[in-house]
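The chain below stands alone and is given in structure tokens; this is the form predicted on its own.
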Amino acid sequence: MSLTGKVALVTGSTSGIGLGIARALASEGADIMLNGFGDADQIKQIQAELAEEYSVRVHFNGADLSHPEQVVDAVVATQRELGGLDILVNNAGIQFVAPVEEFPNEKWEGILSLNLSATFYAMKAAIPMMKSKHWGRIINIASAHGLVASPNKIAYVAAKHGVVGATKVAALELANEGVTVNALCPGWVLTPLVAQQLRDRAAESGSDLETEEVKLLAEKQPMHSFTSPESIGAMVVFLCSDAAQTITGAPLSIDGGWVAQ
């Protein structure tokens, strides 16, 4: 398929899952608005590499999505600088782990604002343009934790369940507007952050990376294989295709069997 002429905003796309999604969309010809934190020179290098490799326009917006007005600014900037917004991928997120009675209030507020509220504000800002063009794709990156729970992750689980619910509501409202809204629910994804965690675990236990990978995966997944950011990107591309035009309101698992148990 070709996404030439389409414009995509991918939040949290300077590394990990978001960068994998941005790369996949660029590879199909979409112009990209990157968003996220990181070293300015590294971000410029990512922009240049994507633009050169795929011959697309690649811009960057550094909005802090924990602030509603900056979420709106990122959507408006995409429309202004790239001429529209056809594909919105709400990917930015953070995590913190603690029992409920010890969970810091500020961590609860921060996780809810970035993982859930930013998704709402971005959809609210983007939907009018998509409706006006009678074409749009919204993909919200939820999690297996949007469908099931784990201990010590109350804010993350609550937020991701909220993302799945918000996805369904928007999908119903836009069912006959040419706009689909879906949620991807990954299990363990091999991002640079997870790779470092595995190296740390191996160093602490005196074992090897392969052993630590299986131990980590087996805690939740029947399949002892990581999902790659590239695989998630490929799913996003598929959801933007004509073949997926009647897939909407769906929480789609890509989790090695995690929630099948």
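One rule holds for the numbers: they count along the sequence shown, beginning at 1. Because the structure is a prediction, the values reported are computed rather than measured.
As for the form predicted together with nicotinamide-adenine-dinucleotide, it is not shown, yet the points below apply to it.
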Candidate stretches 81-89, 96-104, 120-128, 140-148, one within 4.5 Å of nicotinamide-adenine-dinucleotide in the model of the complex by heavy atom: 140-148
Gly12, heavy atom within 4.5 angstroms of nicotinamide-adenine-dinucleotide in the model of the complex: yes
4.5 Å heavy atom contact, Gly233 and nicotinamide-adenine-dinucleotide in the model of the complex: no
Gly16 within 4.5 Å of nicotinamide-adenine-dinucleotide in the model of the complex, heavy atoms: yes
nicotinamide-adenine-dinucleotide contact in the model of the complex: Trp188, any heavy atom under 4.5 Å: yes
In the model of the complex, the residue from Val214, Met223, Ala203, Val194 that sits within 4.5 Å of nicotinamide-adenine-dinucleotide by heavy atoms: Val194
In the model of the complex, the residue from Ser27, Gln47, Ser228, Ser66 that sits within 4.5 Å of nicotinamide-adenine-dinucleotide by heavy atoms: Ser66
Residues within 4.5 Å of nicotinamide-adenine-dinucleotide in the model of the complex, restricted to 99-124 and counted by heavy atom: Leu114
